[in-house]
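Here are two versions of the same chain, shown separately as structure tokens and labelled structure 1 and structure 2.
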Structure 1
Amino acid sequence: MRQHSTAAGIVARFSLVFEELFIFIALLCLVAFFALSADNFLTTGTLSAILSQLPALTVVTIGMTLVLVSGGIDLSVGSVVALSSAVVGLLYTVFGLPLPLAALLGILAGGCAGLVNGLLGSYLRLPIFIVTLGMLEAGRGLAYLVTGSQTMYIGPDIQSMALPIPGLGVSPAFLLALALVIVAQLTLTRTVFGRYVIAIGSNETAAKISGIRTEPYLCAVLVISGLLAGLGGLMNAAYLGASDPNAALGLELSAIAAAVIGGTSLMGGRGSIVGAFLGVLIIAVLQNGLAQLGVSEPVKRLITGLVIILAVLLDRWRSRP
């Protein structure tokens, strides 16, 4: 009996690594495919192009994953990215605030949107899908209002965040995103907060009876998602050197896709930030590779759709021993 349980224990211990291993293999397959079919895919240029695109989607996906694990969903992230980038642009260019302050306020604007989502969704118990759908519309409207519906040029200052640090080859934004992935993964797996979020997503009633006040946690994940979307907006502005009220249209679907490819359940209670990050990488590699191949838009769409489905097929195959 004891021997048996140790064996099972070992399998169980590896299963987390294992889970992410499968997604990692999928990623490698994709890279191998593009390396074979596109001429200059395996170059430092491609790598740095991919790395510079990652940060915004990565941080947004971290927030989305947390929300999904808690059993919710946040459809407003795309709009909040646009809103926050608009706020940064406005404060810096029109009101002339110093950039760090403008950036901070932009992130806070995202946090406010998240707070509204959180209050309506957790304390008033409105269906979070609809609340964040409302915020998707309202947030975009605000972004248009803030920018006067025009792209605002911010200039090279803000871009320093998105440009590779000399000698290191990666940008501060990427380092920040990577650090957040690690922090979020540890928070989810190694802190009381993470446990509670998982417990609430897995069975809210049972969580309540176990003495967990569910509202503050449900609200907190939405605020975190809002703040991270705000940060995503800042990163987007840094990447573009401009704030674009039309930025990040449909980003919510990419973020959800990345999270689910990475093993997060839409039913709540299960998820991995590292997996979600691998999901982001898959999406980025796919977009890059297809662009380098220069295939036509319809074919790009078809392939993207197929890869999304294949990724979860692989995931399904894994979890069915």
Structure 2
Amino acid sequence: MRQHSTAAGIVARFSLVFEELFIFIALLCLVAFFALSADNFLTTGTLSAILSQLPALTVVTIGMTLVLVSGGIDLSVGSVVALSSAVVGLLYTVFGLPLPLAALLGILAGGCAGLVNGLLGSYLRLPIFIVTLGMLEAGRGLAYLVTGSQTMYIGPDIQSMALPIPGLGVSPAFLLALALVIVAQLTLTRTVFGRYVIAIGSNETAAKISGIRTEPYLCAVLVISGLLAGLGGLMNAAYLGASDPNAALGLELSAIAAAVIGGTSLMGGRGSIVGAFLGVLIIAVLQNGLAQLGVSEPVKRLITGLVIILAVLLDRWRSRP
């Protein structure tokens, strides 16, 4: 039995590696297409624009991937990004707190939102879809209340997080996001916590029968998602130099699309953080490439929507018997 389980695990691991390789090849093809179609795509300016947009979406997608692997979904991450950014702006500009403390409290605000989602969804057994949908509205409303529905200018101090490091060409925010990708991938694949999350997402009833208390793990992934959305809010504020209550509108859809493109199943029990990061790169390259081709905003939204539908179809194809 153990040999069969080990063999199945090896097959599943090689399957994920193959999918990640396929996704990487698709990314290269997309880059080649825009390089041939747009005159200035392969320039340092375009690369800098793509890298500056990656950190917030990357950390949010990490949290979304963990939630999806557990069999849930977090629709509130975009609003939590805006709320956390608003908290940072309020504490720094109005109350005069030191920026590091304001940043920490902003991240914790995201964690609190995730904790509410986790307690309601795991311990009270309310549908996580509905709970996070409610938090999507509540979080956005709180962001408007905190900022008075106005953009709050923070200043250059916070922007240092989003500016390229001299000699490296990448920002501290990007390096932090990349480090979190590695840590999250190792956590998902090499720790008891990750194995339990995968087991719960594969079959929660079987996980309970085997002795796993599912509630703490389901709650934990939503708290992690909230904390990472809070970090995404800080990164977004650093990118803009301000707290915008309208920030991250629709970010949850981009995060879900990136995760699914990267091999994460909407049915739970299967996922890859590295693959999700490749999905983030595909989303970022697609958005920047379309902008350079002069595609109008409505058409860009249409194409992005089609990519999301394609990602769902890809997930259904992967999940077939």
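So that the term is clear: the rigid core is the largest set of C-alpha atoms that superpose within 1.5 Å between two forms. Please read these numbers as outputs of a predicted model, since none were measured by experiment. Residue indices: 1-based, along structure 1.
Looking at the condition given, the form predicted in complex with another copy of the chain, one finds it describes the source of structure 1 alone. I25: CA moves less than 2 Å between the two structures after rigid-core fitting.
For L306, the Cα deviation between the two structures after core superposition amounts to 4.4 Å. In the core-aligned comparison between the two structures, the Cα atom of E297 sits 2.9 Å away from its counterpart.
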